[in-house]
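In structure tokens, one chain follows: the form predicted alone.
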Amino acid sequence: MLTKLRAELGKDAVLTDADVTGSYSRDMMPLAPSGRPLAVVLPSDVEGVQAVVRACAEAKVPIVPRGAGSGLSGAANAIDGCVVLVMTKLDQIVEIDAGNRLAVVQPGVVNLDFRNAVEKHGLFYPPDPSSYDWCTIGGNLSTNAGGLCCVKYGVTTDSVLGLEVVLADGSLLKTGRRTVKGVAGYDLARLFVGSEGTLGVITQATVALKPLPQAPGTLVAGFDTTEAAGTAVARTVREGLVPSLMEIMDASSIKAAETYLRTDLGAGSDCQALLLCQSDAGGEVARRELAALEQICNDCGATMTYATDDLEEGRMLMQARRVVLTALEQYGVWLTDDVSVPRTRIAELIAGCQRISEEVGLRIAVVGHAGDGNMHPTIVYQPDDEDEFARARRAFDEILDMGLKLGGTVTGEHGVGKIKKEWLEREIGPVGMRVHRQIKQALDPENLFNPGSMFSMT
């Protein structure tokens, strides 16, 4: 098989040195298991991807598709003896059709590069994961990634019109459309988005674009209780306001960001929760929207509010939210969770995380996308301390359990991967699992693609 792959792709595209392949063996989730790949292959075109799939199918060698490795669920982690199929060399923006507000893009294109490219045409690609400056479009598609703008613009699947996917027999499936509307047949494109490489390999995507928003205005509001902040979020939703961004930070994340940035966010020493909101409606509309948000926050007991339409000042305020994970590295290694709960129960989740933090004796900082209820409790521990690692894992699972009990889901945007398999089964139940396995069996009967990720076949 390796001889065939070198002949098809060139020897430089087939890596077998253990020191090199080891660097492709896992993503950013420290708890997820990983194995030793037989080889890492880096095709540069669709035909190369098809050749890899056919060669692996013939040799019955499993394939683990991979993008940049920025994932947080272990979905791209290698298993022993697999071929890691790295898609980063398929990195072309094939087309930007400004008239129809769509683009055709390969999976290896970096999210931020794509956003910058379409911006030159007065257009906007909404999905913006926190790793948008290095994660790739293919990985975003495979995990159905989200980001800070989801409250207004949705997650990755909401921007997908169609896909090209290499199936388990090496054939190329073309799904979807280029039109605004289209309901011919099953919505196969959405089936593959979020499938985490278990059904096929995405080689191209047609995505919808939005008109470029106006420069955002920004509002920050501090609260002396998380309940008051949660009430402000719920009232915002109830009154029909849809900001382009609505983020929440708890006291632990606020303190970490302030220490890291060496600045005072102005929330005060007793601040227990900070809401950061933006409106990209522009002009007077944005000012009215921010004023309405500010009034809600004040009515709900905010101890401070500050609004600005200065773009640079807004960026500085948002930096506090974007640096939280980096800031937490001052205290140890971080392990970030990903649960979504009804927006009316955000405060309960934060309070529950504080309780779990006290029980396990570890720092847990909570940040998240308040506008859609997707929270990221982040556990900090010392990796060389086995006891702390065990307590971190316990906290991780207890947060997932709490998320389900609050009427939520075990993943809002990071995916299931190899770390939440048992939680997927618990959430969707036996009938849901049976349907998942039937779909997998139909599209990948030999269990070639990413076996053991998301769920097992037995």
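Please read these numbers as outputs of a predicted model, since none were measured by experiment. The numbering used is simple: start at 1 and walk along the sequence shown.
What comes next is about the form predicted together with a further copy of the same chain, which is not displayed.
Sort through A256, L219, V341, L274 and report the residue having a heavy atom within 4.5 Å of a further copy of the same chain in the model of the complex.
Comparing distances to a further copy of the same chain in the model of the complex, the residue within 4.5 Å is V341.
Can you pick out, from L112, I96, M316, V285, the residue that has a heavy atom within 4.5 Å of a further copy of the same chain in the model of the complex?
By the 4.5 Å heavy-atom cutoff, the listed residue in contact is V285.
Tell me which of 37 to 45, 391 to 399, 55 to 63, 406 to 414 has residues with heavy atoms within 4.5 angstroms of a further copy of the same chain in the model of the complex?
Residues of 406 to 414 come within 4.5 Å of the partner.
I'd like to know if M28 sits close to a further copy of the same chain in the model of the complex, meaning any non-hydrogen atom pair within 4.5 angstroms.
Close contact is absent here: in the model of the complex, M28 is far from a further copy of the same chain, nothing within 4.5 Å, heavy atoms only.
So in the model of the complex, does any heavy atom of I350 sit within 4.5 Å of a further copy of the same chain?
Because no heavy atom of I350 falls inside 4.5 Å of a further copy of the same chain in the model of the complex, the answer is no.
Flag L199 as yes or no: does it have a non-hydrogen atom within 4.5 angstroms of any non-hydrogen atom of a further copy of the same chain in the model of the complex?
L199: yes, in contact with a further copy of the same chain in the model of the complex.
Hey, in the model of the complex, does N116 get a heavy atom within 4.5 angstroms of a further copy of the same chain?
No - in the model of the complex, heavy atoms of N116 and a further copy of the same chain never come within 4.5 Å of each other.
D158, T179 and A234: each with a heavy atom within 4.5 Å of a further copy of the same chain in the model of the complex?
Yes, because D158, T179 and A234 each have a heavy atom that approaches a further copy of the same chain to within 4.5 Å in the model of the complex.
Which of the residues spanning 437 to 454 lie within 4.5 Å of a further copy of the same chain in the model of the complex, based on heavy atoms?
Contacting residues: Q438, I439, K440, A442, L443, M454.
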